[in-house]
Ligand SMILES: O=C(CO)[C@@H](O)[C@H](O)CF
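Encoded as structure tokens, the following chain is the form predicted on its own, with no partner shown.
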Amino acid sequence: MATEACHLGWDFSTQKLKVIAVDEKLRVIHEDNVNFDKDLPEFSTQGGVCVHNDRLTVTSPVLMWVKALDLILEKMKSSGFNFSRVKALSGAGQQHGSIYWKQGASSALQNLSPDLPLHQSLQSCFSVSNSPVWMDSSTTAQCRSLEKAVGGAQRLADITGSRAYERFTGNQIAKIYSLSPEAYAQTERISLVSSFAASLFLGAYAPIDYSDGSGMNLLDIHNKAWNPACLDACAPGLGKKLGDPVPSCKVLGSVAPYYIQRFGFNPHCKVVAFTGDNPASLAAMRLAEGDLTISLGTSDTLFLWIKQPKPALEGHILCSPVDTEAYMALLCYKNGSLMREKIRDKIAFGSWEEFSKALASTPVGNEGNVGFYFDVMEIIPKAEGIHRFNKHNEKVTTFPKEVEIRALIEGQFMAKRIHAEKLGYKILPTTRILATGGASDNEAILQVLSDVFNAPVYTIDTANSACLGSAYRAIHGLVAETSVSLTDVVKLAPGPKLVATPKAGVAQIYQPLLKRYMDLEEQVLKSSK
């Protein structure tokens, strides 16, 4: 029925602006996107970004994002999309990117003319026209200086959930303050990509939410407020330019009159705080306490739901986007599917079928043989090369084909379990592992994952997960203040599919093996230095 209410979920990602609409039964009823390179060629981006000559500085033009919103709204309007049905909207942005609003920009935002596209009204509103994004790694000096200011890398992680990272926003702001003090002085508000996008819909500066704010090296993740020592280490008067952070499920207000007049939005349509793309994906997967998602892609990424975080020098802890009492942790590994494919090509004739057959034919625990496979320098641990150990912990140069395949897969998953537990993750009787990404359709690999974690593995369709999570969060935002959980709100959504359960007796095999793996990892790390 064309008059049924719906909710919009937006994703301002690196390469595209995407949107989906879901109806009251959580069915996707509309999808659209704008590809920055293809649809907005005048900005000359490649993959949505501009890599500068130093190869370290990576930015995106702010007006490109604004123009993309103009474009997608016009596309939706001409396709007959009925904006008056939208009850609420929320969204996600690529994490860490920062936008610098010039003095006077807030009045331009509040007085948008419905006769003009947004990019015309806002073209002179930014003191920095090219926003640093998550791919930027030009701020090593600022990272060292921030860690030093607060008492070291571990102390910074204890406060903010992560040691200093080049892409994190505080370090990017510090660089802009040091290289362009005039641009910084002219800035009245600094937004993340998520809060910038929410500001466009609100017609006023939207606050940064706790979850995306945790990716800045500035937010105290325990008391949910900016840390004064971190702010002072980055730039003067920074707290005022950031504004106070808010819970991720907060209703910020109604859409600006601009959208009502130009596109026919309902005047009561609410804007729920936008968050980062990773937190929004966590919402789409409907993780509960003790659950984890593992994305088995080019790189492997773990999302964990944690109650009592233990920040470490590796990985990131962020405030949860769906539960103000909980946290999410992120662990990234560079040697994901490319390493699996390399071994497959080398010893399984390039065939996943051969690879899986060999994997399934070997015993759980691989008779004590353990391997570390790092084609490129790994993030955790910071090591590279291939390192094989027999059951006596002696280094060996080769393994038989089947042993090599199991050593690779078991090793990758044991590492993930060990690092997750170091960050405070606990496997509970109710734990579910949600597997996504390319390797999530390989049953033999998922069986090993289930065995190593001693928990059932499910697969879930995550196409456009940041958009979907944003649409779910828009619905949740409307009722969050009545203590209704996201899980209650989205129980009608299609559930994940069970694909593997742990074999009997695996815990007894992996318990000692995990301990050995941890000790051997320490050895590999020392030999790589």
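Source: prediction; values computed, not measured. One-based numbering along the sequence shown.
A second form of this protein, the form predicted together with the named molecule, is not displayed here; the remarks below concern that form.
Though the partner is left out of this view, Gln142 does not reach within 4.5 Å of the named molecule in the predicted bound form, counting heavy atoms only. A residue is said to contact a partner when one of its heavy atoms sits within 4.5 Å of a partner heavy atom; Trp134 meets this definition for the named molecule in the predicted bound form.
Contact annotation for Lys270: none of its heavy atoms lies within 4.5 Å of the named molecule in the predicted bound form. In the predicted bound form, the named molecule lies within 4.5 Å of some heavy atom of Leu330. Proximity to the named molecule in the predicted bound form, taken as a non-hydrogen atom within 4.5 angstroms, holds for one residue of Ser281, Gln172, Gln95, Ser211, which is Gln95. Contact with the named molecule in the predicted bound form, defined as a heavy atom within 4.5 Å, holds for exactly one of Arg406, Arg340, Arg167, Arg286, namely Arg167. The candidate stretches are 105 to 113, 172 to 180, 270 to 278, 350 to 358, and the one lying within 4.5 Å of the named molecule in the predicted bound form by heavy atoms is 270 to 278. Residue Thr14 is the only one in 11 to 34 with at least one heavy atom within 4.5 Å of the named molecule in the predicted bound form.
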